[in-house]
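In the form predicted on its own, a lone chain appears below as structure tokens.
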């Protein structure tokens, strides 16, 4: 697939159809793959990669790239297209300045997941069917695919691309995933148990802002948490209240717009399952207002910004069979 992508990008650059390519390049380590912009065939040949470590969602980078002169070619995995579609709905991307190519994805691993499974000296990884082969300084080692994929890939919601100009390979289908299973477990806890769970998780937060910076739904030109008058701008939380406040407010800000791409949890250096906060809101919206997936249809309105006579009343109390 990498060779096919480079060939297509080189062709579009040469013809003048696009002026730059948004993709991935390797970092200091093989598993440290990061988003990158390429403006020539030479740069593509030298640095462009597409492998099992290319998990980063490229859609948010189009906010800036689509405002440059000329067109930007971007390669989007199925989950990325949901974010791309949602950003288009919010008028954050200049559509006519983007040439989107959909690419298939069977799940991406990452260095932290592999190291957590005991792999060291990682050089590369390759997935074939249900088996991951990890090439290390100490020889090749294999693992079951399900053991080395992050949660967001194990519970992938869709292999289908929501929007694209061209597709490389075959398109997939929307999946019947189990992404709300953990949310249901949390809902069945007592309030004290849930509070203890989240205090244990959020107490590790170092306020690095990685979750906010990578999130496709966080696109404000100036974040409320960067307001110098707030007293909490750009600093580590002073107490448990500030730890809770940052993540809960951020989750409320993206409610109805989060596409559940899982980038927040992927980049968290403390391995906090931040995506669970967002999934809780997604699940509640589905139960209160009917099934809705942000980014599925750029013309659809979020239930939180649309009104119907069948909307749930603000004070509604409902039960799911567990403690509320």
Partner chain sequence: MKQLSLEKLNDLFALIGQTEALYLPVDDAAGQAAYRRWQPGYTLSKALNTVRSAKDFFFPQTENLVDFKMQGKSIEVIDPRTEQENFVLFGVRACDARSFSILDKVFLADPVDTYYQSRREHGTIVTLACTRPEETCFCTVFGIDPAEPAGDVSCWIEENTLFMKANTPKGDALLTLAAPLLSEGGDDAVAAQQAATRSVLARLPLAKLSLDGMGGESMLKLFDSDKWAELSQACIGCGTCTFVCPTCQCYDIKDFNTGDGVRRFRCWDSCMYSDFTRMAHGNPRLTQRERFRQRFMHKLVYFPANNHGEYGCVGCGRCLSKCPVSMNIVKVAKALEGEVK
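Predicted model only: the values in this text are computed from it and were never measured. The term rigid core refers to the most C-alpha atoms you can superpose between the two forms while keeping them within 1.5 Å. Numbering follows the first chain given and starts at 1.
Omitted here: the form predicted together with the partner chain. The next part is about that form.
- Only one of 122-130, 98-106, 73-81, 143-151 lies within 4.5 Å of the partner chain in the predicted bound form by heavy atoms, and it is 122-130.
- A heavy atom within 4.5 Å of the partner chain in the predicted bound form is found for one listed residue only; from 163, 251, 183, 214, this is 214.
- With the partner omitted from this view, the residue of 188, 204, 178, 117 that lies near the partner chain in the predicted bound form is 204 [heavy atom within 4.5 Å].
- Within this chain, residue 37 lines the site of the partner chain in the predicted bound form, having a heavy atom no more than 4.5 Å away.
- Put simply, residue 54 is far from the partner chain in the predicted bound form: not one heavy atom of it is within 4.5 Å.
- None of the heavy atoms of residue 42 is located within 4.5 Å of the partner chain in the predicted bound form.
- In the predicted bound form, residue 287 stays away from the partner chain, with no heavy atom inside 4.5 Å.
- Residues of 135-150 placing a heavy atom within 4.5 Å of the partner chain in the predicted bound form, in sequence order: 137, 138.
- When two forms of a protein are overlaid on their rigid core, residues whose CA moves 2 Å or more are considered shifted, and residue 190 is not one of them between this form and the one not shown.
- When the rigid core is held fixed, the Cα atom of residue 123 travels 2 angstroms or more between this form and the one not shown.
- With the core held fixed between this form and the one not shown, residue 27 has its Cα displaced by at least 2 Å.
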